[in-house]
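Presented below, as structure tokens, is a lone chain in the form predicted alone.
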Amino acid sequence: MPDIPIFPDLAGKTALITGGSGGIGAETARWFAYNGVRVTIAGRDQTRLDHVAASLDAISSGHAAIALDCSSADQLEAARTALIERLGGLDILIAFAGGGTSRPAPIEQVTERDWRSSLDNNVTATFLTLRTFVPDLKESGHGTAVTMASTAGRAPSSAPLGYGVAKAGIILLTQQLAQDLGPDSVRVNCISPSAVLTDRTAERMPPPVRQAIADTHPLRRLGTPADVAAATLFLASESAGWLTGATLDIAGGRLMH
């Protein structure tokens, strides 16, 4: 077993992780599986989901994968029906689906299509996911949700404009829901990573570029999916039982508030 912290209160709980077909979401799913959580991963690529699901089954039993576009309310409702029928309830929601397809550009060169795509794939997908599953988190009696932002949503950056604005929206959405759902004993927190070296980014980022970006961080390294998984695991556990509405900057010191 890898050197993964164990939070005994997580054992036996159920979790849905969107964006679970690779990278940060897949690593987070594995960390939850090692903690005895029954994990359902969701993503758009069934082949990649099946690969991650096999790695979860090698750790423990009771896991599942659902092909899902989180920007579709209908697909989310169908996924909820299947999940609740199988598990009976949901304790933990990890809303990590998102990302960007556009390139950084001056505002006059940002197309309406790219702008809407950034918002739909990030803040709208997160909103729809939360709207769909919050009733089940309330029903749990100890539900918790973790959303995915970015340092691009915390301060102006070189990221695409729509992406940064969408991630900033996720942070405010998290804070608003933390306030609204606190009386229902539902905690909602946010993870905000800086540059994380996933397999996909490693393929696209030559070593000299990696080092140049690492050097902009006080800790002089890029983040890893495990860095984000560790913070997410903590936020989902009762060790963070008095934390809600928080945004954790998993950023190697690049961003300090």
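Counting begins at 1, following the sequence as shown. It should be emphasised that the depicted structure is a prediction, and the values quoted were computed from it without experimental measurement.
The discussion below concerns the form predicted in complex with a small molecule, not included here.
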query: Using 4.5 Å between non-hydrogen atoms, is Thr216 touching the small molecule in the predicted bound form?
result: no
query: Does the small molecule get within 4.5 angstroms of any non-hydrogen atom of Ala97 in the predicted bound form?
result: yes
query: Does at least one non-hydrogen atom of Val37 fall within 4.5 angstroms of the small molecule in the predicted bound form?
result: no
message: Against the small molecule in the predicted bound form, would Asn189 count as a contact residue? Criterion: heavy atoms within 4.5 Å.
response: no
- prompt: Exactly one stretch in 56-64, 29-37, 206-214, 43-51 has heavy atoms within 4.5 Å of the small molecule in the predicted bound form; which is it?
  reply: 43-51
field: Phe7, Gly143 and Ala145 each touching the small molecule in the predicted bound form (heavy atom, 4.5 Å)
entry: no
